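In the block that follows, a single chain appears as structure tokens, in the form predicted on its own.
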């Protein structure tokens, strides 16, 4: 049995800057790995007559067939490296909330690719693994790489950010998930053809990270999806206000939501806020940033 952690991500900065002719969107984001994670366990048996992939999950709401990114990642890896006659039995111990803007599905797929590559003696380089991940989803290359990255294009162009992030993060989610296509459609409606849209300047977020100034994040953390999601998702708006009032340096929606994260300099305040949210039946997890 082999194991791999599938870490969630948050977006310290996220600006959707243009819609491309192919229907996808160009964006600029600063992604950060955090300690909230799923765990992938797998048994890989070689020498069979045919390839078989079996997947189970602790969360029964998650599909365990070809619709699941982790399943597809295992299948894609085996086909890419030309290995047949393998039985892959995997289980996902799910802790990252579904449809939350935390990259849970992408994190699982990335963990499976890393796990498979490790088992098969690193047949693919890191860059090749990221290219493979991009075929599964825009966030998968980042989830393979981890740490802190500047993400451009549709999210697949990664530039590691020189920083040593070390702060406490409280992640909370209430209510139903948000459809990513719907979130982009709402932004398209808000900005028209983006011709008159002026992208946000991300330089301050990288300056704050470079000098380790957590307080400076409060003035430059940004997510353009908040303009269209918070008005229709009052639970997310309330959580953001609650975290700010509870002592978070900054609070921001992650991805297309509806999860909200708060960055704290006090572990005690973060745990107090988390406990108060849980009493209201809201998912809340306190973790650290992961380099």
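Numbering follows the first chain given and starts at 1. All of these numbers come straight from a predicted model, not from anything done at the bench.
What follows is about the form predicted in complex with a small molecule, which we do not show.
S.K.: Given that the partner is absent here, state which listed stretch (137 to 145, 209 to 217, 83 to 91, 163 to 171) has heavy atoms within 4.5 Å of the small molecule in the predicted complex.
M.R.: Every other range fails; the passing one is 137 to 145.
S.K.: Within 4.5 Å of the small molecule in the predicted complex, do 23, 27 and 184 each have at least one heavy atom?
M.R.: Judged in the predicted complex, 23, 27 and 184 all sit within 4.5 Å of the small molecule.
S.K.: With a cut-off of 4.5 Å between heavy atoms, is residue 130 one of the residues that contacts the small molecule in the predicted complex?
M.R.: Residue 130: no contact with the small molecule in the predicted complex.
S.K.: Is residue 154 near the small molecule? Define near as a heavy atom within 4.5 Å, in the predicted complex.
M.R.: Contact check for residue 154: yes, within 4.5 Å of the small molecule in the predicted complex.
S.K.: Heavy atoms within 4.5 Å of the small molecule in the predicted complex: does residue 159 have any?
M.R.: Although the small molecule is absent here, residue 159 would stay clear of it in the predicted complex, with no heavy atoms inside 4.5 Å.
S.K.: Whether residue 125 contacts the small molecule in the predicted complex should be assessed with a 4.5 Å heavy atom distance threshold; does it?
M.R.: So residue 125 does not count as contacting the small molecule.
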